[in-house]
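A single chain, nothing else alongside it, follows as structure tokens in the form predicted on its own.
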């Protein structure tokens, strides 16, 4: 296998980006694509017909269309672990799912919806007979970010709190002021061994037992989402309160599975299905559209142009809607854990840069924090602006200002304020501009449009992985950090510091001497 840098189209793009003083001409066609209630405008990208045509050739030379079919047909696309990636199958209608998983998906979804219905209508109650008023969802990474994003964005009827960080302060504050008799705890961990999740789960169990004095309360107040039901049972959760996680669905793609139980609890079965239907709409669009008309493919190709050829090593996600405040965190994991790789599928080191650093914030707060660097700093970056047309409230003037800022900031990043346009004695007012961005508009923030947005980014990540020739469905770097933490944990206790490096051993001694 050769690298993408060996393709004729990659060499052509390198030559185009290296043309000194090159100013892209206006594209002859529309720089806007849409499907359903989602519109993607890339008129503020530094591209022209020649660049776009060459990017589309890159997609063709990379075998993107056949890779898309492999994904949807359930073929092995996670090469290092020998697995398919079937997250799209979960949200598809039953007759469009690969036969090998159609029935198991249907059965597990019905179990999830049944649990959600019984919690929501009060038939499933706590140990003292009280209905549940609050749900605490314990999970980390994909077992938390997707469900929290959807619940924060779409609201719901139950109060749902999310706990992921192993920091004890987070655990204490999550359970603060809760009534244990009315609290349901969901523990989401594929292995049921994840350090942060199980540490918090044990705290939750102790919190419940200390306040109820009922040893049997765990079985009534806890639900597990896991592939390790034996471990969940040993923890005290009965099998009928265990929902399945599958190894053919990666954590950062798992909100569509039983990991999304908080979404079903908050929104009900209809709300969950609306979210999944939106994602499936994007799946169909992605699978059936040629790259030139495909929102995910074009978003991916523009990202590659910006990061590999224009030098943008960071990408900002600028969400102009408070309900999408978790989106930058969600995309950080989705993009950087998926494509933050330096080894190709053939085992050779990548000869090109892969995923950029993804970051962002809640706008317009970000404009008064980091936008100064974006406008007048020295770093090269790209960005996505995301806004909602119908705000879902009646504060029309505030929404008009919000959208004005969103569109105005994109204009400023591209056009800037050149030195010749400002006073000669005020060069500090100059803004270089020339920073590319894409603007994504949702007609409204409902389940269907949010599902489309999330699937858009999932497929963008897949497209880029195909072109970079890396595996977006494993995360071996994360495993290394876990192993090292185990050694340090022992050293911080009664274990020897000889198992860690000299610098870490010195820090361990410093911590222990200061902790009394």
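Numbering follows the first chain given and starts at 1. Since this is a predicted model, take the numbers as computed values, not measurements.
Not pictured, yet referred to below: the form predicted in complex with a small molecule.
Student: According to a 4.5 angstroms non-hydrogen atom cut-off, is residue 142 in contact with the small molecule in the predicted bound form?
Tutor: Contact check for residue 142: yes, within 4.5 Å of the small molecule in the predicted bound form.
Student: So, in the predicted bound form, is residue 409 in contact with the small molecule at a 4.5 angstroms heavy atom limit?
Tutor: Contact check for residue 409: no, nothing within 4.5 Å of the small molecule in the predicted bound form.
Student: Mark residue 190 yes when one of its heavy atoms lies within 4.5 Å of a heavy atom of the small molecule in the predicted bound form, and no otherwise.
Tutor: Heavy-atom contact with the small molecule at 4.5 Å: present for residue 190.
Student: At 4.5 Å between heavy atoms, is residue 471 in contact with the small molecule in the predicted bound form?
Tutor: Contact check for residue 471: no, nothing within 4.5 Å of the small molecule in the predicted bound form.
Student: For the interface check, one of 199-207, 389-397, 427-435, 247-255 should have non-hydrogen atoms within 4.5 Å of the small molecule in the predicted bound form; which one?
Tutor: That would be 247-255.
Student: Which listed residue (54, 475, 35, 62) meets the criterion of a heavy atom within 4.5 Å of the small molecule in the predicted bound form?
Tutor: The residue in contact is 475.
Student: Can you work out which of 164, 333, 174, 325 has a heavy atom no more than 4.5 Å from the small molecule in the predicted bound form?
Tutor: None of the other options qualify; the answer is 333.
Student: Between the small molecule and 194, 337 and 482, in the predicted bound form, does every residue show a non-hydrogen atom at 4.5 Å or closer?
Tutor: Per the other structure, all of 194, 337 and 482 touch the small molecule.
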